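Before any questions on how it binds or moves, here is one chain, the form predicted on its own, in structure tokens.
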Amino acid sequence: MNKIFSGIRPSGKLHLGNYLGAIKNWLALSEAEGIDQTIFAVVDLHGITTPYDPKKFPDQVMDTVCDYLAAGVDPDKSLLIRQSHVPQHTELAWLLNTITPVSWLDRLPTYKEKLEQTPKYHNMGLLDYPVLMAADILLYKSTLVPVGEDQLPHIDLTNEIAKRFNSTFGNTFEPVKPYLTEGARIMSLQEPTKKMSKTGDDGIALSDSPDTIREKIKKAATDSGKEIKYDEQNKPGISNLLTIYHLLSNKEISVLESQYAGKSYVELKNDLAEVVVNFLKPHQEKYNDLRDNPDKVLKILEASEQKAREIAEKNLKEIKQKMGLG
């Protein structure tokens, strides 16, 4: 039986790329046979390792929680938690720090990438990010973690830390397997050679209004020529729009190419906008209902977090005893 842990940073509004590329697949995985435990986390402690506004941050956390629930997370089957509300995450991170060489962290490509993005925001938390991620996973003795390909080095590091713990203090953790959840890559509407981002205005947020969606798709970058054809290399803008259309309508791309043969980019964009608006309508209705009922959301979180703390405390007690801290 597998135990799943999956976390997402509350660094911006979740967008269509997050849903189609990852969340949709996470939810399907949580319903699969052979899954014993599923924990979805809003990893707010990770979120403060890069620049953020503390006044807006609580709302960003709740936005992410409500998007999770609206997307289909069932609190009767899965736990939905705020990382900072389960203190055992940081306690285990410190314990794992004592057996993790700094050289293991310094070599990770994600650390260097973050430094390039925010060179003035150089902090210990950024370097130590992967150890906290390992603690998130190992605290619940998770064995399966849905990740994108860029996170594979962090899963490798988690397993290295787990192996060192096992060899030093006794067998405790099973190997952690990554589950690649990258669906079709949804690209930026403005720069279709880059992935859609949570922090810019280049994507379609799950909470965007119909008029905002129409305006964003209207302004989406297209390519030279008039032919509506899927060609990632030569027509990345149109290819991205066709991919979104295909995933939301279940129409094959070849069918869409035939449907829009001889038609203009404007016609494609107008039709796609309505497809997106209709697709997101049920999600937005659920999201708005949750946002209008914060007590209901907090009740779900508090129940999940209490269960998570019980699991975490049991496992942490075993870990501390093996380390001579019992």
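Each residue number is its position in the shown sequence, starting from 1. The term rigid core refers to the maximal set of C-alpha atoms that superpose within 1.5 Å between the two forms. In this text the structure is predicted, and so the values were computed from the model without any measurement.
Same protein, other form: the form predicted together with ligand TYM, not shown, and the subject of what follows.
Trainee: Heavy atom within 4.5 Å of ligand TYM in the model of the complex: which of His246, Lys229, Lys195, Arg214?
Mentor: When ligand TYM is considered in the model of the complex, the option within 4.5 Å is Lys195.
Trainee: Taking ligand TYM in the model of the complex, would Lys13, Asp208 and Gly237 all count as contacting it (heavy atom within 4.5 Å)?
Mentor: Not a single residue of the candidate spot has a heavy atom within 4.5 Å of ligand TYM in the model of the complex.
Trainee: Taking heavy atoms only, is Val73 within 4.5 angstroms of ligand TYM in the model of the complex?
Mentor: No, Val73 stays farther than 4.5 Å from ligand TYM in the model of the complex.
Trainee: Please run the contact check for Ala312 against ligand TYM in the model of the complex: heavy atoms, 4.5 angstroms, yes or no?
Mentor: Looking in the model of the complex, residue contacts with ligand TYM do not include Ala312, since no heavy atom lies within 4.5 Å.
Trainee: Hey, in the model of the complex, does Phe173 get a heavy atom within 4.5 angstroms of ligand TYM?
Mentor: No.
Trainee: Would you classify Met133 as touching ligand TYM in the model of the complex, given a 4.5 Å non-hydrogen atom cut-off?
Mentor: Yes, Met133 lies within 4.5 Å of ligand TYM in the model of the complex.
Trainee: Based on heavy atom distances of at most 4.5 Å to ligand TYM in the model of the complex, which listed stretch, 115-123, 217-225, 141-149, 250-258, is the contact stretch?
Mentor: Contact criterion met by 141-149 only.
Trainee: Taking heavy atoms and a 4.5 Å limit, what residues of 4-31 are near ligand TYM in the model of the complex?
Mentor: Contacting residues: Phe5, Ser6, Gly7, Ile8, Arg9, His15, Gly17, Asn18, Gly21, Ala22.
Trainee: Verify the C-alpha shift of Ala22 between this form and the one not shown: is it 2 Å or more after superposing the core?
Mentor: The answer is yes; the displacement is at least 2 Å.
Trainee: Rigid core fitted, is the C-alpha displacement of Glu191 between this form and the one not shown 2 Å or more?
Mentor: Indeed, Glu191 is displaced by 2 Å or more.
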